[in-house]
Structures are given as C-alpha cells and as structure tokens.
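Next up is one chain by itself, shown in structure tokens, the form predicted on its own.
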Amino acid sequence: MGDYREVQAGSKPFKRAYIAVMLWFVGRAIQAAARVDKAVREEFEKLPEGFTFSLGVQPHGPYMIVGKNQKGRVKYLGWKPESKVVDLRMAIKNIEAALLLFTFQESTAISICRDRIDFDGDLPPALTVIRAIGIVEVYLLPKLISKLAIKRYPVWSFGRKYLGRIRIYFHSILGY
C-alpha cells in the first residue's frame, strides 16, 4: 500500500528567472523612489530605524530584501534572506501566484484578498510597505498597466510623473 512513486514538481526556471528579475528591479526602484519621491520618503519615515522587509516566493525564492539603515536611508539589500534579520516577511505562496502579480494580471490588493500573500510581522509596517510599492509601480509602469496593478491611479502633475519616472529608472539602473 505504501509503494508509490514520489512525483516532484517542475522547477519552472523561466518563470523563476522572470520573477527574480522583477524583484531585483522593484527592490532597486524602491531604493531610488525613496530618494526621489517625497511620498515614498514619507512612507518610509513612518518605519523605525533599522527596519528590514523581504518579499519573496515560497518555498525556495526568489526574494528581495529592502531595509532602512540607521541614517534613515532606504537600501536594497539583495536577495538572500538567510543572512539578514528581517522585521517583516511577505511571502507569495507559489510561483504561479507571483506570476499573476508580476505580470499585472492581478493587483496587490486582490492578491492579498485572495490569500496569495502571507505576512509575518506587524500589520502597520506591512501596509506602509504596500503603499510604497504601489507608488513605485505607478512610476515604473505605463498608465494602462499600472491601473491594473494598483487600486486607484493617482492624479499627478506632469513633472512628478514623467521626470520622477526618468529619475527613478536612472537611479535603479545605476544602483544608487
């Protein structure tokens, strides 16, 4: 009765690589947006000094870790959560749920409602991080796609939207 063949799920390397690139770029964009945009900076000012959060895919990653250092600057800390002390862990339950989220077929709010993201940490910092990620998505994505990724599309001035987008892309690519 106990003799059966164990079937392992496929590793899905292309999906995993796409999610890894997206998390890498979003992590760097969060760091850049905290320098460029006042609203993102204010969101991170609400968090305590030394606060660190991770966003990743269960069970084996990929991950992004972003933290606020003692000087209050937001930094992308890489993709290995094992060596870091993380205050807030946000874990997307599987690669398929992450693909829905990062191909913008489903907004962050809908993913949370459908229980596709687990949170391990306090709720107020989690909501602060989600708001900051929403602002970053508005900068990174065209309006047509961004409207799918967030709850409400903001009304911003031309300068804030396009000049901020250019600056965030520039800082994200160069890494500062």
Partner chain sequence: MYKPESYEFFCPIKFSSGSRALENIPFELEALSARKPLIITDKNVTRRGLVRKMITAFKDSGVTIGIFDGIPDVPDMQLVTELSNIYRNGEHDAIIALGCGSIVDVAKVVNIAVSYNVKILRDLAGDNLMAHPLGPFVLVPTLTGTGYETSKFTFIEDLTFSSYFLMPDLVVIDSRTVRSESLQTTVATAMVALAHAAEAYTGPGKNPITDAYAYAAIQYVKDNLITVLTKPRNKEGRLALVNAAGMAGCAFSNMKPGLIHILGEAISAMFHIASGICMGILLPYGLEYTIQKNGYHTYDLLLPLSGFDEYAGTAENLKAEKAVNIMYEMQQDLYKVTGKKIPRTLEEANVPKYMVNDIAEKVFKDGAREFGIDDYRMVLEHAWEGKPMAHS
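Rigid core here is just the name for the largest C-alpha set that superposes within 1.5 Å across the two forms. Numbering follows the first chain given and starts at 1. Being a predicted model, the structure only gives us computed values, none of them experimental.
Separately, the form predicted together with the partner chain exists; it is not shown, and the next lines address it.
Although the partner is absent from the chain shown here, none of Gln70, Phe158 and Ile168 has a heavy atom within 4.5 Å of the partner chain in the predicted bound form. Taking the partner from elsewhere, Leu174 is found to have every heavy atom lying beyond 4.5 Å of the partner chain in the predicted bound form.
Contact annotation for Ile95: at least one heavy atom lies within 4.5 Å of the partner chain in the predicted bound form. A residue is said to contact a partner when one of its heavy atoms sits within 4.5 Å of a partner heavy atom; Leu100 meets this definition for the partner chain in the predicted bound form.
Although the partner is absent from this view, Pro59 contacts the partner chain in the predicted bound form, with a non-hydrogen atom inside 4.5 angstroms. Contact residues in stretch 7-21 (any heavy atom within 4.5 Å of the partner chain, taken in the predicted bound form) are Val7, Gln8, Ala9, Gly10, Ser11, Lys12, Arg16. Comparing the forms between the shown form and the other one on their rigid core, the Cα displacement of Ala9 reaches 2 Å or more.
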